[in-house]
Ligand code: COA
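Encoded as structure tokens, the following chain is the form predicted on its own, with no partner shown.
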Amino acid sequence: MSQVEREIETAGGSVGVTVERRGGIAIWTIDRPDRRNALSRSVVREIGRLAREGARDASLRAVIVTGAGDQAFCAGADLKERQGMVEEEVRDFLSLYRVCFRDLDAMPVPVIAAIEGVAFGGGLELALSCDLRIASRTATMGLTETSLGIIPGAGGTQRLAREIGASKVKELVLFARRLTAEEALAYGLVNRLAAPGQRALEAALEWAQPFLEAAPIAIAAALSAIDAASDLPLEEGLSFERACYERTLVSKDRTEALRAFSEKRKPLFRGE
């Protein structure tokens, strides 16, 4: 275990992220509205801790990540905190980003970013570490780091290029473009927009409802197989898909689905 991973494991609940549970759905809210929900070291560390803890929670069916208030999902790195860091501390912070966002990305349940207000720099990179993204109609987002003399350092160039292609990412990053919600949808940065006048969190909660009745083993296996597609050659990817399928094949949930079909009722999945 790396030093960064040990730091996450030993951290307690940190100021900056609040947790709410609505049945099988967890809501993690960056709660720093006075700082436009900027990513401090403690916030990033807490997101990593929650991701690791949530991955072990058999009752969890989905996670929604959002920001407090209506001004910002997350405005990016906490530049006030960053100003006090020497170069080596910044490097350590980038390592923390990498581990914590990786753990969020690897969760076995769907993670939805509910984007209200701005999502710039590290804020958008956090959203890109989620499986799905939904934005309010008034949201604004972009990887704007080059305007500050740096580049995206929390996975933005890599994750977004895998989502929408290198050419579009170069345009967004090199020009530090800020996109409206409609533009972000057209580019593929978000999957859908909330209804007019609807808050992103409300829309995300509605969107997540089917996961409460879905087969947890199948959902986790599908996430693993899809995530591997961008990293593996086709033949290796097909073999990995087969291994993921095997997890569902031997599950009681699969048997339950077949029984429910024959009995003309909804299946009751238990994640077994």
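Bear in mind that the values here come from a model prediction, so they are computed numbers and not experimental data. Numbers follow the displayed sequence, beginning with 1.
The same protein also exists as the form predicted in complex with ligand COA; that form is not shown, yet it is the one meant from here on.
A heavy atom within 4.5 Å of ligand COA in the predicted complex is found for one listed residue only; from K80, R102, K170, R192, this is K80. Out of the listed residues A51, A26, A38, I217, A38 is the one that sits within 4.5 Å of ligand COA in the predicted complex by at least one heavy atom. No residue in the set L126, G155 and G156 has a non-hydrogen atom no more than 4.5 Å from ligand COA in the predicted complex. For ligand COA in the predicted complex, the listed stretch (83-91, 139-147, 196-204, 103-111) containing residues with heavy atoms inside 4.5 Å is 139-147. Taking the partner from elsewhere, A75 is found to have a heavy atom lying within 4.5 Å of ligand COA in the predicted complex. Ligand COA in the predicted complex comes within 4.5 Å of no heavy atom belonging to R98. Ligand COA is not shown here, but in the predicted complex it comes within 4.5 Å of a heavy atom of V118. With a 4.5 Å cutoff on heavy atoms, R178 counts as touching ligand COA in the predicted complex.
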